[in-house]
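Before any questions on how it binds or moves, here is one chain, the form predicted alone, in structure tokens.
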């Protein structure tokens, strides 16, 4: 990644620029991440993107204004050595701090490896020359880190939060174990897909021998906003959803619905949150044959404006009783769920076809909440039982993670309080 300097470019920097050019060339031949970048060809889109501060009371990437692209990865921990895992988390934190600031992983020019061509470089190089693009990296721990197959793997079993439950089975689920679960997760969001992919790639490489990627998901086209007054993005069905999403500036709602408090327990998670990720396959071809009236009745919104049925504008207060009993908006609205509110941060995805000529496309749903038992679980139970959208969607992947509070300073690291 790029740092401004008045000195002449170094050999390593020039090689980095060349590597970036090769990556763009690969996109023309089908490289997914680079091909998704938009622009006029003279420079990458969002090349002037600012850096989002890495350190703070809460992890970035939750209430942060939602970026355009996603690379989400779940990892299995393969080491049985607690010290090796702790060392990895410290290395990951240092790498994350560097990448979110637009710097290379490792020591860069000052590294003893920089002039040794017989050794691999510290950084894989595909983001050299690119700006941070508002990259955020958000880290979480899954149930399997505390206990797996009845074993207390790292002496953490007693520290598992009560709210970090194994999600129940919901009606209609068709979950693929290969796309579900995970001991650790990292959510990389950025305005440039190559920056997000670069981040996950380098964390995976640093973790080799200690962790392995269990599954990952690329996302484009954010489907939610945490920015006040911003137009709500559309999903792959062409509708706006999550109009009442919590804004990053609504500190009172964040405290009430998203951040774990000290009284919630455990102490190591105070200031953190809980993340639920669901890969939701949309039956696009079936949906595209539905009439406009059926589509609008299914959501309870107009398609063109996104207004609640019977209203004129997107943010008009909905009249839930004017919608069908099984309309998605009516069932998901906090007023229909005793005030249940979650922070949505999902993305659209398209992963080729399913072998039968149908698009493998849909929504990679991400939700943050203060307690999964009071947030996603009761909400999804209601939707799974009655939502008209169920005719057109199916949940095929699932995971839940506890997201620790933010990294306070350069001496702190992801999960430090958990291992204290």
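On a predicted model such as this, the values are computed, not experimentally measured, just so you know. Numbering follows the first chain given and starts at 1.
Just so it is clear, the following notes concern the form predicted together with another copy of the chain, a form of the same protein that is not shown.
Handout entry: Non-hydrogen atom within 4.5 angstroms of another copy of the chain in the predicted complex for each of 66, 172 and 250
Key = The answer is no; none of 66, 172 and 250 reaches another copy of the chain.
Handout entry: Among 206-214, 85-93, 270-278, 254-262, the region lying within 4.5 Å of another copy of the chain in the predicted complex by heavy atom distance
Key = So the stretch in question is 206-214.
Handout entry: Candidate from 142, 318, 125, 300 lying within 4.5 Å of another copy of the chain in the predicted complex - any heavy atom
Key = None of the other options qualify; the answer is 125.
Handout entry: Heavy atom within 4.5 Å of another copy of the chain in the predicted complex - the one residue of 194, 100, 138, 245 that qualifies
Key = Selected option: 194.
Problem - Partner contact for residue 134 in the predicted complex: another copy of the chain, 4.5 angstroms, heavy atom - result: Residue-level check for residue 134: no, no contact with another copy of the chain.
Handout entry: residue 186 within 4.5 Å of another copy of the chain in the predicted complex, heavy atoms
Key = Answer no; every heavy atom of residue 186 is more than 4.5 Å from another copy of the chain in the predicted complex.
Practice task
Report whether the minimum heavy atom distance between residue 151 and another copy of the chain in the predicted complex is within 4.5 Å.
Solution key: Answer no; every heavy atom of residue 151 is more than 4.5 Å from another copy of the chain in the predicted complex.
Handout entry: Contact flag, residue 161 vs another copy of the chain in the predicted complex, heavy atom cut 4.5 Å
Key = No.
Practice task
Any residue of 280-315 with a heavy atom within 4.5 Å of another copy of the chain in the predicted complex counts; write them all down in order.
Solution key: Counting only heavy atoms within 4.5 Å of another copy of the chain in the predicted complex, the contacting residues of 280-315 are 284, 285, 287, 288, 289, 290, 291, 292, 293, 295, 303, 304.
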